[in-house]
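A single chain, nothing else alongside it, follows as structure tokens in the form predicted alone.
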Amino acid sequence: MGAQQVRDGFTELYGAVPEGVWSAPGRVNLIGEHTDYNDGFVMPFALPHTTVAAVSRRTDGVLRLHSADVEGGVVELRADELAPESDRNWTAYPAGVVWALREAGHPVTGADVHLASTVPSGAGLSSSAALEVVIALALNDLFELDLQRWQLARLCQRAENVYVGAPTGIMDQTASACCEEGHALFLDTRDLSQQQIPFDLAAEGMRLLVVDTRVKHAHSDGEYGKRRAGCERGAALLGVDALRDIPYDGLDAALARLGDDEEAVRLVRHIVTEDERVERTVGLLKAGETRAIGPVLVAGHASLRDDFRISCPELDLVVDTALASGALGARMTGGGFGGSAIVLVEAADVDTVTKAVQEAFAGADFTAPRVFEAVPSAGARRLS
């Protein structure tokens, strides 16, 4: 749904023209999974799929929310009554942003909001972060809060962690807020320093496919939180602030110190090797050796499957089938337990690989996957 349709929908709902229209994208993570809450490195890029919001200020403390994608009418809340984990519906994400802004001392006195999204929900493509960031950016502009993009991302993460109750890291919100068209974002999640790395696959004769397995996941359902708690326990056992502090060349010694604690060994090994894979990918892209990132993606999937144990049969089938059909690389992306995989292919092989994956799913009696091309796109912005 485009900006004009969302603007018109707002006017029909609320009887007035909105003060503005904003958008924020979903994201695909090229490499660097579950490293963000370990103070590590990630490398996402923004998708062309966005959440669009038409918004106007209110001064009476009322927050009115409506989504074109959810059945039901306008949901009305009071800004001064918002409380963490009080809402288990989609409205928790925008309401959580309002709560986080107000808790941080910013004078947000209510708003009318109408939303529509093309970011697939539950596909590991950060539909929740897109929703949070578009609200934060709109309120930042309307209430003249003068917050930087990284600050908005932090507040959105707090909304998701505390208000929604999902223990996610900072990557998704930062990607939605800060990515640039034609680039992947090399992000150090400890200090939020950023490098925009050119990533124009089309110019090099390649494509990156996203395969949405249509297996739904929910980060707040517990398994994601268990992995995060396990990583924190591993860091404590090794006497470091975060697993990012374990150097790659010191991994064997660190694992030896963990002894027969199999879970800690697996989790620590994934995080430390994944950070190294991000740095290796950055180096290859800077050197113009884009095709060489394929094996790095494959190694990342194996680590997520075997050490972090967050893959599923559908994701493994995508990766195995794509590689057998000539793909340069493939791996699951996102929080795991379903969602999407990414596949790096030569442009000439797109149809072959896509057909092979679709036929493999049919043969396994899985729900047909959704396959589309991921084009590095612009981050959050005001449309009108």
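For every residue, the number given is its place in the sequence shown, counted from 1. Fair warning: this is a prediction, and the values are worked out from it, not measured in the lab.
Only in words, not in the display: the form predicted together with a small molecule, which the text now covers.
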*Specify the contacting stretch among 191-199, 264-272, 226-234, 113-121, defined as having any heavy atom within 4.5 Å of the small molecule in the predicted complex.*
113-121
*For S127, is any heavy atom within 4.5 Å of the small molecule in the predicted complex, or not?*
yes
*asked:* Is L131 part of the interface with the small molecule in the predicted complex - any heavy atom within 4.5 Å?
replied: yes
*Using heavy atoms and a 4.5 Å limit, would one call F143 a contact residue for the small molecule in the predicted complex?*
no
*Is there a non-hydrogen atom of W150 within 4.5 angstroms of a non-hydrogen atom of the small molecule in the predicted complex?*
no
*Taking 4.5 Å between heavy atoms as the contact cutoff, choose which of V62, V70, L323, V350 touches the small molecule in the predicted complex.*
V70
